[in-house]
Structures are given as C-alpha cells and as structure tokens.
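Just the one chain here, the form predicted on its own, laid out as structure tokens.
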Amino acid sequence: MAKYRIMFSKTGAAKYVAHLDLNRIFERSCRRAELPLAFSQGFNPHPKISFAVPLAVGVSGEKEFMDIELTEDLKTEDILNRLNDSLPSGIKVLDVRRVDESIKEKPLMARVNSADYRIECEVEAAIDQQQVDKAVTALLSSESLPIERVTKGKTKVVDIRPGVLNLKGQVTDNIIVIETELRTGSNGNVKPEELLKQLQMVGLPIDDCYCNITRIGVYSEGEANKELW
C-alpha cells in the first residue's frame, strides 16, 4: 500500500459540484487513469479516498486536500499527470506527495482547524474604505454573534464570534474584498455565508447573492507545519 496527499483546485462551473459527487468524480477519474486504488475490507468495500473538509456548493477552492491509497508505489508526477488527463474541466490536481506513514498523525479530516476565505462582493451603493473599516471593527468588537441554525428540524442558537479568527476588508470601485480566517472542522465551524449576514447587520451594504466565495487555504493547529500540506 502507498498513501498520497493530493492538493487540488475546484473552480469555475465545478464550484457547483456537491461533495458526494466530487468523491465519485475522483473515484471514476482514478479508474480512467488506471491508478490501482486500494479498497477497504468487508462486505461493501469502498476506495480509500478521504477529503480534508467538504467544500460547500457554490464555493470555489484554490487549495483543497485529499488522501488516496494505492496498491502500488507510483511516481507522484505520474499520478498528477494521469489524474489531470482524466478529471473534468474546473477540477485540477496541483501537486501530489507521498505520505510518510511511519510518522503517526491524525486522519486528514481530524486535523482541520481553520480555513482562509476570500469573498468578493459587488455593491451598487457608493462605499468608501472608512465604512468598510467601521463595519469590520464593529463585528470584531462584538462579544458574541448569535445566529440560528436548523439541524434535523430543530432550531439552535449558536455564537459564531469565537470562530471568526481574522477579518479585514478592502474596497476598490464597487467591489468589497473580504479576507477572513474561520474556524472549520470538528472543533467548530463557521460558514462564510453566516459571516456575510453578520457584516450586513453591522452596516455593510452587501448581498450574499452577489458575492463570490473562494476558500484559499485549509489549516491545522498546534503543528510546525500549519498548512495541511
């Protein structure tokens, strides 16, 4: 068995591909590329493919991560080229590296702690940098940011303020660019759409229907190499 970490991007129309469909796309692409996928044992074996953290439909990803296991040891360049020849437009493998399994580490998904996002919002009303700074300061000064989430038919109030780790905004012409680091993973999760609604509430004239959201990095915490790669 050989385990590989894959860095890939999902952009353009591919941002509307749901997570389960993305899993199927990679499985089929591995088959087309004739990569010798390893399978789990048991009554219903499935290919050993695991993603760091799902990407919401409509959100682009510049640096996403997944692990695959193969039954043969192949050159990383060979895996990269064969996959890119088999993947659909909008999904591209950027790099592949062999995972050193002699180093014990948590599964990829369990290591995710936060993610960086870039959000570009087109606004109709004239706005200047001072207004953007005022909204960002107001949000970061808030002791709590309660939102309602509906899970399994039940509404629950959640404070997302602890999960907003960094936030800044820049306006150029009629485009507001928001850069933020949000808590992501099993220790808490803040959706960028939830942050946008909070920015609206503190006076930023944005409509999330006119915002392009891109995840630009996924990170772990408490490790020398913070980026999952």
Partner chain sequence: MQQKLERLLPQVQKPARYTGGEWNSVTKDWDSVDVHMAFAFPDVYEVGMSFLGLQIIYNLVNQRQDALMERTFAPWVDMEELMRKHDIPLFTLESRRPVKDFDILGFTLQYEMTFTNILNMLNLSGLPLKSSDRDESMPLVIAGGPCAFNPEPIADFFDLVVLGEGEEVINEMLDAYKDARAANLTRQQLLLKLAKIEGVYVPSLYEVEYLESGKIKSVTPKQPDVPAKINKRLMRDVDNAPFPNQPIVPNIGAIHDRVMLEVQRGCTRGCRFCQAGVLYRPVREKTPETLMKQAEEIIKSTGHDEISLTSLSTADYSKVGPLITGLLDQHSGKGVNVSLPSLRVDAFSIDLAKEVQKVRRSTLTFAPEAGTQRLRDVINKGVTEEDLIKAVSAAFESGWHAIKLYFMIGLPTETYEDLDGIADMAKAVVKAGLEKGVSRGRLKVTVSTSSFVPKSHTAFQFEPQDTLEELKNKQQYLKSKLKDRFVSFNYHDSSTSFLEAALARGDRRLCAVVSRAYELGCRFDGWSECFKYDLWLKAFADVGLDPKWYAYQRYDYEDVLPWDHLNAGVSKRYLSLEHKRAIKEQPTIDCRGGKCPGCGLCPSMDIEPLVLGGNDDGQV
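Numbering follows the first chain given and starts at 1. Small disclaimer: the values here were computed from a predicted structure and weren't measured. In this text, rigid core is short for the largest set of C-alphas that superpose within 1.5 Å between two forms.
Here the subject shifts to the form predicted in complex with its partner chain, a form of this protein not shown in this document.
- This chain is drawn without its partner chain; in the predicted bound form, the residue among E105, D133, D95, E122 with a heavy atom within 4.5 Å of it is E122.
- Taking a 4.5 Å heavy atom cutoff to its partner chain in the predicted bound form, the contact residue among R161, R32, K48, K168 is R32.
- Comparing 147-155, 95-103, 110-118, 79-87 against its partner chain in the predicted bound form, the single stretch with non-hydrogen atoms within 4.5 angstroms of it is 79-87.
- Its partner chain in the predicted bound form comes within 4.5 Å of a heavy atom belonging to V17.
- The closest heavy atom approach of I216 to its partner chain in the predicted bound form falls outside 4.5 Å.
- Using a 4.5 angstroms threshold between heavy atoms, D67 stays clear of its partner chain in the predicted bound form.
- In the predicted bound form, its partner chain stays beyond 4.5 Å of every heavy atom belonging to D207.
- Shown without its partner, the chain has A13, K15, Y16, V17, D21, R24, I25, E27, R28, R31, R32 in segment 1-32 as residues with a non-hydrogen atom within 4.5 angstroms of its partner chain in the predicted bound form.
- D207: CA moves 2 Å or more between the shown form and the other one after rigid-core fitting.
- Look at D208 and I119: in the predicted bound form their Cα atoms move 3 Å or more farther apart than in this form.
- Expansion of the C209-L22 CA spacing by 3 Å or more is recorded in the predicted bound form, set against this form.
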